[in-house]
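Presented below, as structure tokens, is a lone chain in the form predicted on its own.
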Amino acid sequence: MNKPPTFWSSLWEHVEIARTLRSLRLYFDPQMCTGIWECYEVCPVGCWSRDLERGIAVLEKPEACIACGACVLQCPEEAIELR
């Protein structure tokens, strides 16, 4: 029978996950963007803006990214990656 994780093992697991997420960077190919702006709509920290003249999204604040992956999942053109 599996024992439940202790407080410290659970905390260590969360630290490792946070460390991994902090090392991920957002990569965006604006040439693939078709201006659906789902990334802009779902970003919880406001990394994205809309360029209405060109009809594309703009990764305005990449340093604010928390690597949640919401924009990656929502982009129908697969123009956004976390790596």
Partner chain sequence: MATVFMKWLETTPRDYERGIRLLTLGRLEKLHVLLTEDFIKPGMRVLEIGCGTGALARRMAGKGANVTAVDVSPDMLAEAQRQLDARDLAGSVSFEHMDATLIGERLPVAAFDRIVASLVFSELSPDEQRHVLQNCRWLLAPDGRLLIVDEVPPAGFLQRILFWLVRAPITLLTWILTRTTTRAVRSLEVLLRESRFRPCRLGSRLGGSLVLVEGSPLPEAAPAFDLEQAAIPRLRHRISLRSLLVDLWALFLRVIPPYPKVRPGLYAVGHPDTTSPVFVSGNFDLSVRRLVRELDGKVDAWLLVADSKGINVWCAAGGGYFTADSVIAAVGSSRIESIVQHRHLILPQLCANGVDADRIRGEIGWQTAWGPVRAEDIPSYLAGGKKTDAMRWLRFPLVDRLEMVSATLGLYAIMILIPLLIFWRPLFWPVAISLFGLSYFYGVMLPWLPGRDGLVKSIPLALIALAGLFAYVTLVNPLPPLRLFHWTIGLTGLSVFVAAELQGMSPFMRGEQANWGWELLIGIALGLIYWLVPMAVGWR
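Worth saying up front: this structure is predicted, and the values here are computed from it rather than measured. Residue numbers count along the first chain shown, from 1.
Same protein, other form: the form predicted in complex with its partner chain, not shown, and the subject of what follows.
- Its partner chain in the predicted complex comes within 4.5 Å of no heavy atom belonging to Cys33.
- With a 4.5 Å cutoff on heavy atoms, Tyr40 counts as touching its partner chain in the predicted complex.
- Within this chain, Val58 is remote from the site of its partner chain in the predicted complex, having no heavy atom within 4.5 Å.
- Looking at 39 to 65, the residues that come within 4.5 Å of its partner chain in the predicted complex, counting any heavy atom, are Tyr40, Glu41, Val42, Cys43, Pro44, Val45, Gly46, Glu63, Ala64, Cys65.
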